[in-house]
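In structure tokens, one chain follows: the form predicted on its own.
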């Protein structure tokens, strides 16, 4: 059994769905296919939800109408058999009828999640009909039947395993199952989701639950690259990463993979492979438990970072000071990315500033607080041997003319992290590409 996830661009047109069809029918082994919403749909549904929440009803109605027209054109390009076209129109009309109902009733956050879920529900239903038109037998499985969240908002892994295995094992007729990524039910039984990029996470949870042979994440790029191909011209795909290396890259800015994806696969020891829908013959990137003895694999950048410095003479020779700082961030459920300390100061970074004013007020009880926004974390990832100074020498030489705010080294054998003002990020990535990778 393999689990294959296809993102929005992979199902964004009839031509792209044809490529997906060719990929999943290339072998006869059992597969679970996890699909995102058609490219662009989620953003448009989110925008409609924002209009409804703001009570801009006429604008919301116009947006719903425009999106409905797009889907009618999509159906016309996707299907030709009259009976299947009618089924598709009924499926899509059900979703848009639901949306139009929101125009007449109070619209809250729970309804917003239900609205956004229509993207995945439509894409999977339409793809299932597309397979039927091409004579491919498949079964549509509703993610809401087996992906549930706990009261803490975390997926109930045991639930997924028991329910999904039962669905698949009881079905002797099919070996191809189509299901939605991203969407789920919360602990109150309302439609919810795994947040942005959650289809990758869905695929990993499903692959782990089924003890799959492999989880494949299909996108529009041929694997994880050693640098950001959107801003640096000379990059190359990485053939192999360990789970730890991939997790660092995903968390610190590699957009091809959702940060939460790695953990379920890693815990179940299920390999993850990143592939390109438009170039299925490309090798892609394999992620598994094995770590190659290579010094450096890739660099990634994470924007939207805020640096906070707490300076106090009370730190000198004192214990418990760091604990007090961390307790403040814990109280506001705000994760910390990087930490550096001296005898009288602590510098740290966050990417969620929702509660920053309250956090700052409490930190000021401990010392003088300085805040710098518009920062980026540059993260160099690999299987480092820290006593080997060559990597560090090349890295520092690459950034010697840039204003580095913080450096984190030694917390992990898998990364060296730097904090710089975001306006210098592009130059840093280019310099590192040349100085560290020689490209």
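Positions refer to the first chain, counted from 1. In this text, all values refer to a predicted model and were calculated from it rather than measured experimentally.
FYI, the form predicted together with a small molecule isn't displayed, but the following is about it.
Select from the listed residues 182, 127, 177, 107 the one whose heavy atoms reach within 4.5 Å of the small molecule in the model of the complex. Of the listed residues, the single hit is 182.
Single option in 375, 398, 42, 414 placed near the small molecule in the model of the complex, where near means a heavy atom within 4.5 Å: Only one listed residue qualifies here, and that residue is 42.
Against the small molecule in the model of the complex, would residue 261 count as a contact residue? Criterion: heavy atoms within 4.5 Å. No, no contact at 4.5 Å.
Although the partner isn't part of this model, could you tell me whether residue 37 comes within 4.5 Å of the small molecule in the model of the complex, counting any heavy atom of the residue? Yes.
Is there a heavy atom of residue 197 lying 4.5 Å or less from a heavy atom of the small molecule in the model of the complex? Judged by the heavy-atom cut-off of 4.5 Å, residue 197 is in contact with the small molecule in the model of the complex.
To test your reading of this chain, name the stretch in 198-206, 356-364, 90-98, 74-82 whose heavy atoms come within 4.5 Å of the small molecule in the model of the complex. It is the stretch 198-206.
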